[in-house]
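Here's a solo chain for you in C-alpha cells, the form predicted on its own.
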C-alpha cells in the first residue's frame, strides 16, 4: 500500500531528478540524485539483481526525517534508480525509518527489516524516544509494512538494555533459521551487539550478546554486520565517540572490524584482533551482501559525520555518496578489500610506464584525469640509495591538489586534502601505517569526480576521501626526495550519461 507520505516522496524525487544533469553526479558512486543520503541499507540479492537502499531525505541536502531511497544493479557499477521504498508513515516509525537490511524469502518476496523510531510522552511531560525493529515485505519496488510491527521491542532486550539506542538490524539465514544482529547501549553507556533468532523472520527472540565494547572502542556501536569469511568470523560495526589510538583510529564516529571465532554454544564472538576498516576520513556504516557466485561484497557511506555541516562550493543537488563496492577476503590476519572486479569492464584507454626512474619532480604524459583507475608501484632504487619520501599530487590545478605521501623509513602513508575544495576547519589530513614489503608499495587509486579511494598492497589497507576540487583540476604529478623506481598503469573509466560503458 502506497501511503500519502510515500507517494509525496516519490512524486518529489521524480520531479526533481528530471532536472538533474548527469554531469552533476558521480559516474559510478551511488547518490540520492537529489536530497541527502547516509547509511546503506538492505544490500541484498533479490531475483538476480542486487538491491541497495539508503537513509534518505528527498526534500533537502540535510539530515531530516528518514525515508529509504532505493537503487538496484546487476554489476555493482551501473545503478538503476527506483522509487523511494519506505516513508515514516506508521505510528511506530513516525520519527524515521532508520537503518536495516534485506533478504529474499523462499516464496519469492523481498523482506526488509529496519529500525522504526517514535516518541512517547512520559508522565512528567518530557518526550522519550523509542527504537524498535520493524518489517516490510515487497516485490522489489513496492513494500508493505507488516501488520504485526514492531517485531522486536524494548521488551525483547536483555536486562539493562536501552530502548532509546537499539537499532540497525542486519539479517541473514543459516541452517534453516533467520538471525539478526542489532546495536544497543549497555547500562554503563557503552555499546553492545545483540543477537536474535527466528523461524519465520517475523517472530524473534533474544539469543545472546555477540560482543560488547566495554568502553574500549568507542561507545554506542551502530550498523553491525556479522559473517564468516575465509574460515574466520568478522563483525563490522561503526562506533560513536571513538578516541584515537596512535595511527589506527581517529576521533568521532568511525569504523571497527572485530576478527575472531564464533562460539555458537555461548552466542559469543571470541575476539582475536581489531582493526579499522578504512583509514580515510569518509567511510561509515558499511554493509555487506553475499553474491550469487559466493563473493562477500561491502559498500559504505562515503562521508564523515564530523564534517556533514560543510557544504561543497558547487551547487550540487545531492549530499552523500556510497563507496565503490568492495570484495572482501581475509589474509595474514587482516581484512582485505579491493574494488569489485566488474569495474574493470569500464576501463578505456591505458597508459603505462615501466621502471621509471624518479629523483625530484615529474609530470608524465597521459597520466591525468578525474575519472580513472591508476596503479602505482613504488620500488627502491638499489643503485642510488634510500628515498626519504614520495608524493603523488592528484586533482591538481588552479591552486587545488590532494597529496598522498609515502615515507618509507616510517612505513606510513599520509593523505592531505586541505586544498581539495573542503573547508579548512574540518579534519583534512589522515596518516596511517602500512606494512613493510621490502620497500615496495603498491597503490591502486580510484578517482570519480567527487571522491578518492586508495587500496594499498592489493587491498590490505583502504582509505576513502570526499573531494570537491573543480572538475578541471585534473592534473597528476609525482615527487621524491631521493631516488626510486616506478611502475604505473592508468586506465580512464568511461561511461555514457546512463552509466553504461563506452
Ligand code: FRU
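In this text, all values refer to a predicted model and were calculated from it rather than measured experimentally. Numbering follows the first chain given and starts at 1.
Missing here is the form predicted in complex with ligand FRU; even so, the following discussion is about that form.
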Looking at ligand FRU in the predicted complex, is some heavy atom of each of 324, 373 and 453 within 4.5 Å of it? no
Quick one: is residue 38 in contact with ligand FRU in the predicted complex, heavy atoms, 4.5 Å cut-off? yes
With heavy atoms only and a cut-off of 4.5 Å, decide whether residue 31 touches ligand FRU in the predicted complex. no
So in the predicted complex, is ligand FRU close enough to residue 305 to count as touching (4.5 Å, heavy atoms)? yes
Should residue 66 be classed as touching ligand FRU in the predicted complex when contacts are defined as heavy atoms within 4.5 Å? yes
Can you pick out, from 335, 134, 299, 223, the residue that has a heavy atom within 4.5 Å of ligand FRU in the predicted complex? 223
Among 213, 237, 99, 402, which has at least one heavy atom within 4.5 Å of ligand FRU in the predicted complex? 99
Out of 167-175, 81-89, 428-436, 227-235, where are the residues with a heavy atom within 4.5 Å of ligand FRU in the predicted complex? 167-175
